[in-house]
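Shown below, as structure tokens, is a lone chain in the form predicted on its own; questions about how it binds or moves come after it.
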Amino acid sequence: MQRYVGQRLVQLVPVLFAVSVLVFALMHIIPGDPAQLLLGFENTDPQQLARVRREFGLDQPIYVQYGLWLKKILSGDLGISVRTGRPITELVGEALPFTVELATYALILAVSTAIPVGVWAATTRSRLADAALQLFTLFGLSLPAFWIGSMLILLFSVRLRWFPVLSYPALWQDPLANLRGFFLPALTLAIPNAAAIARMVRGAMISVRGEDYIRTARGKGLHERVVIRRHMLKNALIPIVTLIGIVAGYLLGGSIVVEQVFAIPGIGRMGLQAIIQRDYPVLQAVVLLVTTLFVLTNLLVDLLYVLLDPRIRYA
């Protein structure tokens, strides 16, 4: 097991390296001058532009800029924001807790909804259940996140005033206000992911419900709930956990739209602002961080396989 974890961590290095090179190169291909954005378009003094480029190393060749940035990354320094002049480590430290909290709430909502719905649809053998799940999946996967979020804000915040808008106090300061503030954005993220997970649960349950060990369990006189929970669902968890791991990685880095709609100062919104402002160091740090979190999440899922199925072993 330890050898396998070490191998996966080593494999993470070339992945992050390739991603960093790709992002660094693509961002420098896009037209625009970060120094000009920093000074303002009304300031066209060549000497000031040259000074800013020199201060931030923008006058160096691209490969030199990349080498200097990579050297700082390896030493634990994410660099300085071109736009704000603040250390990127501080910016990430302020934004990451919001994204992690949002992703956690959304994943809990999605999983707690999808598993019961998927199990119900797979075990009732009802056309109505299949139709209901298909309808839920269709709407969940078809409706865009910005539309869902906007409708939830209009209904529950503007009309009914049940939930606050743009209020995200810390969990340890006011737990109830924290949950109320994050509920709508978490629900917006949970709806499409719950639809995908529910469909996977249904398919995985159907694939195992005709197996011999299921008939044997029923033949022993076990209650149907016990058969479903201990035998059907447990043996169908491998593909379900795989999808949940992918969803978790997506939630940690793909909640840009939801964070923008609800004005959550998270990693996704910080990356979007970095794109608009052409803040190269911030964008590169965000992409590197998101990639790392995604790969580590997949590694955790691989390790969970051992707990779910004792037959799986890693050398």
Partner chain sequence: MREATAITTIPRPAYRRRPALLRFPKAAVGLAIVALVVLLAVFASWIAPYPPTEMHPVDRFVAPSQKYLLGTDFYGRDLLSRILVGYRVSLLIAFLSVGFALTIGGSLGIVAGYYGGTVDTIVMRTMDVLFAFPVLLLAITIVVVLGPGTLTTVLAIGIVYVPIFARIARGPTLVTREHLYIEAAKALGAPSFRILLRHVLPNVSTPILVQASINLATAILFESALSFLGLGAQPPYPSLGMMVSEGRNFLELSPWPTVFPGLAIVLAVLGFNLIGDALQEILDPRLRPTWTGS
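We call the rigid core whatever largest set of C-alpha positions still superposes within 1.5 Å between the two forms. A quick note: this is a predicted structure, and the numbers were derived from the prediction, not measured. Residue numbers count along the first chain shown, from 1.
Omitted here: the form predicted together with the partner chain. The next part is about that form.
> Does the partner chain come within 4.5 Å of any heavy atom of residue 125 in the predicted complex?
Output for residue 125 is yes: heavy atoms within 4.5 Å of the partner chain.
> Contact with the partner chain in the predicted complex for residue 22, defined as at least one heavy atom pair within 4.5 Å: yes or no?
The answer is yes: residue 22 has a heavy atom within 4.5 Å of the partner chain.
> Indicate whether residue 142 is a 4.5 Å heavy atom neighbour of the partner chain in the predicted complex.
Output for residue 142 is yes: heavy atoms within 4.5 Å of the partner chain.
> Quick one: is residue 231 in contact with the partner chain in the predicted complex, heavy atoms, 4.5 Å cut-off?
Residue 231: no, not in contact with the partner chain in the predicted complex.
> Based on heavy atom distances of at most 4.5 Å to the partner chain in the predicted complex, which listed stretch, 234-242, 199-207, 214-222, 89-97, is the contact stretch?
Selected range: 199-207.
> Check each of 176, 160, 138, 74 and return the one that places a heavy atom within 4.5 angstroms of the partner chain in the predicted complex.
The residue from 176, 160, 138, 74 that makes the contact is 138.
> Using heavy atoms only and a 4.5 Å cut-off, determine which of 58, 49, 256, 264 is in contact with the partner chain in the predicted complex.
By the 4.5 Å heavy-atom cutoff, the listed residue in contact is 256.
> Would you say all of 81, 191 and 195 touch the partner chain in the predicted complex, counting a heavy atom within 4.5 Å as a touch?
No: none of 81, 191 and 195 comes within 4.5 Å of the partner chain in the predicted complex.
> Please say whether, between this form and the one not shown, the C-alpha of residue 297 moves by 2 Å or more once the core is aligned.
Shift of 2 Å or more: no.
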